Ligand code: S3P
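Shown next as structure tokens: one chain only, the form predicted on its own.
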């Protein structure tokens, strides 16, 4: 599949981004464990969230989209043995979190994925799950999918995360729902806390003490809680593309409505303000994740350094931050982000390669990059391959909005995993898509 992008010099308007993918996947799992039927508003009907929901249906949950909402009838804590392997598509989040859930629930499960997912490491979840008593088999090369899980009769434990990872933390906490005794996860740095907020909203006993998160397990019978209504806010990581597109374009203005504003997801706002962006936020407090409106006005940007504790809370936004760096005055340096090399693609290598195609001066580092700007972008004379990475495809499209001609991006179907309306919104804001 090919896609051409042409953008005008200015753009603006109002956009409502689709539901948060990470929250949608967690809601699918937890609503599927509940007793009764939950109504979910704002669920992301993208490929990653659909694969997670389909997996839960294979294990006994019932799901139906009706009247602009998703209705999930749960299994009251007792997952069923699936008849076939769980196909997780491209979803690393869904795979790692669901592995914890099924390891605790005592069902035997085989998990598989597409070529991209099957190249991503799973050893980081195997280790803690085996410490709790599960048996995990990774049949792919270098500890990758396909994965076999045989769990049940888990014991709670204390686990110090070797690296900051919301996925591993959530995996262990979900396994802990079925464990005997207390499960405690200790983080080296704060990471996304969507799982903790959903536990609190559902009345699942959870204790949070700084970087320590603990739950008291329900044992093999599993958690017991009632279904409830959920509202999934707009995905901040999807909004990030438009935040950068507007922030780097003096004279432009954009309003983004109903965007999730969890403080552990919005570090991009701090980075962009540090770079000189004009951003206003109006927040609505709700049980669960807060959300609100973001207004962005274009302004000249300057380079900055992104490192350390900031990294876990904007890991998905780093490709588009590199684009901002190419448009800013001075150097923008990204450090401590080696995790980018094991995402849907090696995002460090791919971002560096694509920036160079546009004439950007960039130095690749093992754990990041140094981008120098501002760059008078040139339109690449070759097609750019996303390699099936949705964030690479969207970042390149935004970068080209500052260039002077059309480009061809190959393999853009991956965008549907997280942001099915991306190209539609690009046209809505004044871009041209063919």
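Positions refer to the first chain, counted from 1. Every value quoted in this text rests on a predicted model; they were computed, and no experiment measured them.
Below, we turn to the form predicted together with the ligand, even though it does not appear here.
The contact with the ligand in the predicted bound form, taken as any heavy atom within 4.5 Å, belongs to 166 out of 269, 348, 166, 98. Here is the short version: of 197, 228, 343, 353, the single residue with a heavy atom within 4.5 Å of the ligand in the predicted bound form is 343.
The ligand in the predicted bound form comes within 4.5 Å of a heavy atom belonging to residue 26. By the criterion of a heavy atom within 4.5 Å, residue 339 is counted among the residues contacting the ligand in the predicted bound form. Taking non-hydrogen atoms only, residue 304 never approaches the ligand to within 4.5 angstroms in the predicted bound form.
The ligand is not shown here, and in the predicted bound form it never comes within 4.5 Å of any heavy atom of residue 418. Residues placing heavy atoms within 4.5 Å of the ligand in the predicted bound form fall in a single listed stretch, namely 312-320, out of 199-207, 238-246, 312-320, 289-297.
Residue 93 is the only member of 63-93 with a non-hydrogen atom no more than 4.5 angstroms from the ligand in the predicted bound form.
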